[in-house]
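In the form predicted on its own, a lone chain appears below as structure tokens.
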């Protein structure tokens, strides 16, 4: 009993050290599922320290050695696997050899094997999908119990005569087995509780971050202004529970909610030196209220005492700030500090995505205007000449052509969106072809094979007309007679294929030219639907030119 008490007294010192270790940043690697080489090295020094100290404070008992050095080796193997457990055990064994020489050979061997035994327990749990039991006090108790039992067996086998070995084991076996097993269980219990706390905090953090991301999704697509900033501030204030939340555009307050709202007013210019420094230096500033006090520049009676000021960045350019505040009588939680920094990154990415979409939309509109600018003057000139020639012979036909021309340009002016139905595109092309057929007479025939089920698929605006115009301008116009343009559209599974084909085959060399507009059409389709869709061209010289548009059938009007 006296030996048990002495070992437990020794263990109490290590348990205090273990408790302090669990509160330190060095404990954090144990909370991670995958240990990096750096973290394993850190754990090696920590667990080796426990084993060396346990062996160093040994208790000589009738020629034997009672110590707690096996705990560090078993726990290292249990937590990180047999390699680390074996290395920690070998380190503790080397220390025993330096202290006692070959007289402690049984203990040296037993301590070396203890780490491997803990590692085998780790492998067994992982192979049986019971990784959560790695930090179980019961598992630690059983593993250490087995290691100590093995140590007693080694002592019996290696010490002679056997009678002396047996007498020795009878004295130290129960105290060492009991004390070390209980010590390992207590040690692991502290680590498990601390890890559980880390996991809970992580879960809370993840849940809050997910809720904020989910609730704020799409808000910034409406712009970064007072309205959207107020919506974001309310979401952040609700989810974090901080004293106050403020969002600025880098020059003035866009939104403020919470404690101090009576003087932190929307529209006021930024006057806080700390906020100005965060914007100027593009860095996070944290006044925790203890080491650094937040001082309000607007009012001497402001109840706020702590602040986290995070720059809102887009392409590393500061476009504003997110500020979280706590009153003087409340600590600023590290959870909210990490959350605030993550929120700024999230919102910055949303702003960047919105900026990209805006630029992409401007580019698409510019490309549309470019195509229209190329087509309209040329087509208008030819159409007017055709109508002038016809008006002398057939006034009714000339009137009909003028109506089609008016309809064609009216559609051009009204179609400002990204998408239209295939039916609308065909109507637009038809107005164009009626005029071109009047111009070329028997030289141009048009054939359509359109499946009704694809008429409502969504297609980029102003897609078909440039392709049909290419067929007329670079193909049919160069034939003396018998020119034909065939427009077909069919469904192929979950895709739709639209084909414009002429029977001239006269612009094979120009088919990849940027001036034909097909590159723009292809790029617009790919931008909208993905690289698996787009424009494909085929040309058989003097026979046919075929331009195919591959589109998603699911993108249709409901």
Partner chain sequence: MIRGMIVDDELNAREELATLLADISDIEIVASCGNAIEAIKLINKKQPQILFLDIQMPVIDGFELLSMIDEESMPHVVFVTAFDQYALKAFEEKTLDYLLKPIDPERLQKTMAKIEATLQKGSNSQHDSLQLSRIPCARGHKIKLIDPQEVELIHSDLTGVHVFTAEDKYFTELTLKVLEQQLGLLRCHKQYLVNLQHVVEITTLENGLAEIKTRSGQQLPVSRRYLRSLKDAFHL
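Here the structure is a predicted model, which is why all the values come from computation and not from measurement. Residue numbers count along the first chain shown, from 1.
The next section is about a form of this same protein that is not shown, the form predicted in complex with its partner chain.
Option from 313-321, 263-271, 126-134, 433-441 whose residues, in the predicted bound form, bring a heavy atom within 4.5 Å of its partner chain:
The contacting stretch here is 433-441.
Exactly one residue in 477, 421, 488, 189 has a non-hydrogen atom within 4.5 Å of its partner chain in the predicted bound form; which is it?
When its partner chain is considered in the predicted bound form, the option within 4.5 Å is 477.
Using a 4.5 Å cut on heavy atoms, which of 284, 384, 109, 165 is close to its partner chain in the predicted bound form?
It is 384 that has a heavy atom within 4.5 Å of the partner.
So, in the predicted bound form, is residue 518 in contact with its partner chain at a 4.5 angstroms heavy atom limit?
Close contact is absent here: in the predicted bound form, residue 518 is far from its partner chain, nothing within 4.5 Å, heavy atoms only.
Even though the partner isn't displayed, in the predicted bound form is residue 297 close enough to its partner chain, meaning a heavy atom within 4.5 Å?
The answer is no: residue 297 has no heavy atom within 4.5 Å of its partner chain.
Under a 4.5 Å heavy atom criterion, is residue 390 part of the interface with its partner chain in the predicted bound form?
It does: once its partner chain is placed as it appears in the predicted bound form, residue 390 has a heavy atom within 4.5 Å of it.
So in the predicted bound form, is its partner chain close enough to residue 504 to count as touching (4.5 Å, heavy atoms)?
Yes, contact at 4.5 Å.
Let me know which residues along 447-466 have a heavy atom within 4.5 Å of its partner chain in the predicted bound form, or say none if there are none.
Counting only heavy atoms within 4.5 Å of its partner chain in the predicted bound form, no residue of 447-466 makes contact.
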